[in-house]
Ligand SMILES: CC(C)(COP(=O)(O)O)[C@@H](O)C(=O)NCCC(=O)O
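Consider the single chain below, provided in structure tokens and representing the form predicted alone.
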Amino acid sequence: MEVGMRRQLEERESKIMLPNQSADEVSHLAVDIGGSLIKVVYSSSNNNNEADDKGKKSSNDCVGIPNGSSDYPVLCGRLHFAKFETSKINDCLEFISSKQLHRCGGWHQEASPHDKNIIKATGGGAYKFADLFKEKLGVSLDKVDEMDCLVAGSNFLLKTVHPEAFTYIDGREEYVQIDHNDLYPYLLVNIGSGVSMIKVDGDGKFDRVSGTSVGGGTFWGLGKLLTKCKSFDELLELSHKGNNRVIDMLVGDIYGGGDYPKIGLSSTAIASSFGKAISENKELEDYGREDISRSLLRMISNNIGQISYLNALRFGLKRIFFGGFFIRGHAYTMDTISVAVHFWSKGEAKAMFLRHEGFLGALGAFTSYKSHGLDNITTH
């Protein structure tokens, strides 16, 4: 599937890890309820004869637990991913109910009825919507700390899934081999409604060192007001067709079309986002929706890339991983962040992205079912 379209699906499947279980059995469900989106991760068996989304046969993928447990020597199957707008939470609840995901319970059939009425949840919505989950589904939300989950999900992916991390340079994905013995420390930049920047020093060892309120919610909120778009994906699609130079003031616009070589600025560098709107006798309706969304996306992505690198520099970190549903595998978003990191680091640092970037918190909540043998998982 092409990069720009990879996040367009409402439900995706990724063969990472699953319990040994009977066909069509769902074992666990975890949710990450953010300010803009709800992310859902659940597990199911992956039968050798099961066809994938394209009708092709898929085989079991297995993960071992290196803790010597005879109860869980190998876990096999598939993880499923789904997303919903938080404003349409009833769609999420209907989805969970239709698939009976809330009745998953423990790894073993002898799990108590009480255990089967609790699911792991993270994000602010785990508190805000706890009563709604109880009312509609009859389940209680076992709340897991949001930052703990982000880091646990990131560490799980970087240690367990290959290929997972990649750079995006000149329109090309290049996957990165992660040395598990040299993973820490790194900077995790999670771009959700807002942005959190987390210095990760190990499993469960981290500090939120910075952040910004200018994130995915800013792009969506301002974009909705300026373009009347109905969804985040529609706004992204518009940006793909736009030209930010129609609205952004460039260095060349100030210097008569030339560069500013003394400080290393090319004529095409943005001097002021939306700056041309000041000097032109135009109203909002005179600008194309595509150009507005493109300029907005570039403004936010540039700033996130710059602030991320400055924090990495502050702590001497060489690795910067970007996650969160703001990215969505969108080529222009990744390209803009990559260019910003490259520019401000003078080529010494690279932005790295994650295939499952939007599901870090949900994955972290999922792996918090530690009593069922999910801790210390590694791939065969």
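Fair warning: this is a prediction, and the values are worked out from it, not measured in the lab. The first residue of the sequence shown is number 1, and the count goes up from there.
What comes next is about the form predicted together with the named molecule, which is not displayed.
Note that among 90 to 98, 262 to 270, 187 to 195, 284 to 292, the stretch whose heavy atoms approach the named molecule to within 4.5 Å in the predicted complex is 187 to 195. In the predicted complex, the named molecule lies within 4.5 Å of some heavy atom of T212. When the named molecule is considered in the predicted complex, E146 lines it closely, a heavy atom lying within 4.5 Å. Residue contact with the named molecule in the predicted complex: R208 places a heavy atom within 4.5 Å of it.
At least one heavy atom of G34 is located within 4.5 Å of the named molecule in the predicted complex.
With contact defined as any non-hydrogen atom lying within 4.5 angstroms of the named molecule in the predicted complex, the stretch 250 to 278 contains no contacting residue.
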